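Before any questions on how it binds or moves, here is one chain, the form predicted on its own, in structure tokens.
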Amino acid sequence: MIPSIPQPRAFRVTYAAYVALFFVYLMAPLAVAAAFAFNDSMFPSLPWNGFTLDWFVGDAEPRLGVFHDGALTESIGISAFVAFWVTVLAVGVGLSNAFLFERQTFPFRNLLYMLMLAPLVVPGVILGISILVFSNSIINGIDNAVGVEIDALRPGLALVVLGQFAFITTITTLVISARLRKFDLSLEEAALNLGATRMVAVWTVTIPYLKPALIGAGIVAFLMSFENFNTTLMLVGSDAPLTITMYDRLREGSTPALNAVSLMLMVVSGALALLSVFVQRNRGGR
């Protein structure tokens, strides 16, 4: 709908109702999951039996809360560890990719750009299986050739980091490239005319301009890594991140403790999203 074009009142009311229903559809499951985190019941379902904080702070079975559940807290730490390294790698390589595709011209540039986008359209399960098969082929080939086995490429956290990095880097590249595309090259040229080297000009002029995009890309990378399931499931070893631990718990039988974890993730994700919006808006005009 174009605001500058007058629309019939019935159309505007219908459009507003559609938007409202769309957001209700998105938020209702989250609200229900959050509510059951406080339900005084052994099962995350109706009826409502009263308010309780046991699923957060309970210290004994069968009402063991999140903060006293060693397996859940350990899995949160593992997910944060994986997400940290995925974020560092994805933002660093994404920044390099942005300069490569926005500043350089070379043969097969468009083909390479399409290959960079390919992980976005490949299902996570297929991507995980492909990485697992590829790593096993490398390990077996080296083992057969020189008798050395590289355990780091076996299913485990290192392979999870590499698997998530393979597609999250595409997202960070697009976010940073969008910002770099708007940069005025004359600012770098001015720094060069004042005696700065190319690296100094980029570090002191371009990188500060890209700071909002770098922060936004980092937040997106961290959240995507933390909540990833499909690719992680194919590559995980004995140290299970949060999504895998929650999946295993759901197969055994859900408790409101998982709703409590979900509520915590909603709060943290919302706070990081608001931080990203604030950074973009606060520095967008600079």
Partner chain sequence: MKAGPPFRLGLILLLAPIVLWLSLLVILPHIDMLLISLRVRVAPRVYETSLANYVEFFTEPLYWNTFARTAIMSVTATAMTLLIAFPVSYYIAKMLRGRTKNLLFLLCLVPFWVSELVRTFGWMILLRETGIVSNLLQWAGLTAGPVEMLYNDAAIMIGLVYTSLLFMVVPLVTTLDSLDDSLIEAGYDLGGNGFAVMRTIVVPHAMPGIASGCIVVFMLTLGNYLTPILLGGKDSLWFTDQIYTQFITRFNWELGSAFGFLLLVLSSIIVWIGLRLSGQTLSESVK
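Rigid core here is just the name for the largest C-alpha set that superposes within 1.5 Å across the two forms. Residue numbers count along the first chain shown, from 1. All figures in this text were calculated on a predicted structure; none of them were measured in a lab.
Just so you know, the form predicted together with the partner chain exists too; it's not on screen, but the next bit is about it.
When the partner chain is considered in the predicted complex, only one residue from A201, I76, I215, L127 comes within 4.5 Å through any heavy atom, namely L127. L162 is the sole member of L162, A152, A190, A80 with a non-hydrogen atom within 4.5 Å of the partner chain in the predicted complex.
In plain terms, the part of the chain that comes close to the partner chain in the predicted complex, with a heavy atom within 4.5 Å, is 102-110 out of 80-88, 67-75, 205-213, 102-110. Mapping the unseen interface onto this chain, T52 falls outside it, with no heavy atom inside 4.5 Å of the partner chain in the predicted complex.
At a distance threshold of 4.5 angstroms between non-hydrogen atoms, F278 is out of contact with the partner chain in the predicted complex. The partner chain in the predicted complex comes within 4.5 Å of no heavy atom belonging to D40. Not displayed here, the partner chain is approached by L115 to within 4.5 Å at the level of heavy atoms in the predicted complex.
Of the residues in 81-100, those that come within 4.5 Å of the partner chain in the predicted complex through at least one heavy atom are, in sequence order, V93, S96, N97, F99, L100. Once you line up the core between the shown form and the other one, the Cα of S269 stays within less than 2 Å of where it was.
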